[in-house]
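The chain below stands alone and is given in structure tokens; this is the form predicted on its own.
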């Protein structure tokens, strides 16, 4: 148990040193724009369909669950607002981020891990270039921007999925479903959901680039890095969700008191 705890502490410390070196590189060097855009395009194109589909079914599931609850009180008119609020504020960003971590996180970790074990990163350093500037930083920026965009798209798709199930499963019209969304889904709810998306994107980008960059042990090491990325990302997202929820609720309470 002590060895496991020590490994976790070493991993966290190594990750912080990795991020410190990357941010230091970002302050002194500007990554090439075309490389960043190429990575953004690749990440977005590979993950857009998965994220949209996941978001659609998250919204559909939330509508089905809320239908079973509000139907007992004769409040189906509020179904759209309640389901959309719950999806945007809490459930949607987390579940969609889980799906995205399996797509973007695993791919990036495997890609960087392969570059590490085949000594491509060492070759970049031998040529006098900075691997953080040429390889890590463009991918880090691209993952953050793409993941934030994809998570936002997933949330909008969740509204579409909820609307469809509201009409098909709950038996209400589209107008009834949409009527109370503006009254229940307030601006703080939307900001809270987008804030979670940004934080989740940062967590995903940090973990997958670190795990990929520090891969050792050949082909087996790449496999271990991908598994470690998946586990660490899941844990990191849950912790980030807890922290961001506390922050959002504290800010909302302060705003209401003011």
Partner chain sequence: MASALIEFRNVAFSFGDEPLLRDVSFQIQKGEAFSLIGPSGQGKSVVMKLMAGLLTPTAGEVLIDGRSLVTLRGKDREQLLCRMGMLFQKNALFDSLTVGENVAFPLREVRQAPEAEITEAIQFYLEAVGILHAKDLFPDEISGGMQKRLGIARALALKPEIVLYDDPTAGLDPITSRKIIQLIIDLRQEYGSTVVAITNDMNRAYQLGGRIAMVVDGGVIVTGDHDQTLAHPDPRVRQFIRGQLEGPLAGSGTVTT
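This one's a predicted model, so the numbers in the text were calculated from it and none came from an experiment. Numbering follows the first chain given and starts at 1.
The same protein also exists as the form predicted in complex with its partner chain; that form is not shown, yet it is the one meant from here on.
Asks: Residues in which of 32-40, 226-234, 55-63, 200-208 have heavy atoms within 4.5 Å of its partner chain in the predicted bound form?
Replies: Contact criterion met by 32-40 only.
Asks: I'd like to know whether residue 125 contacts its partner chain in the predicted bound form, with contact meaning heavy atoms within 4.5 angstroms.
Replies: Contact with its partner chain, yes.
Asks: Consider residue 120 of the chain shown here, and say whether it contacts its partner chain in the predicted bound form, taking contact as heavy atoms within 4.5 Å.
Replies: Yes, residue 120 sits close enough to its partner chain in the predicted bound form that at least one of its heavy atoms falls within 4.5 Å.
Asks: Quick one: does residue 129 come within 4.5 Å of its partner chain in the predicted bound form, counting heavy atoms only?
Replies: Heavy-atom contact with its partner chain at 4.5 Å: present for residue 129.
Asks: For residue 134, is any heavy atom within 4.5 Å of its partner chain in the predicted bound form, or not?
Replies: Contact with its partner chain, yes.
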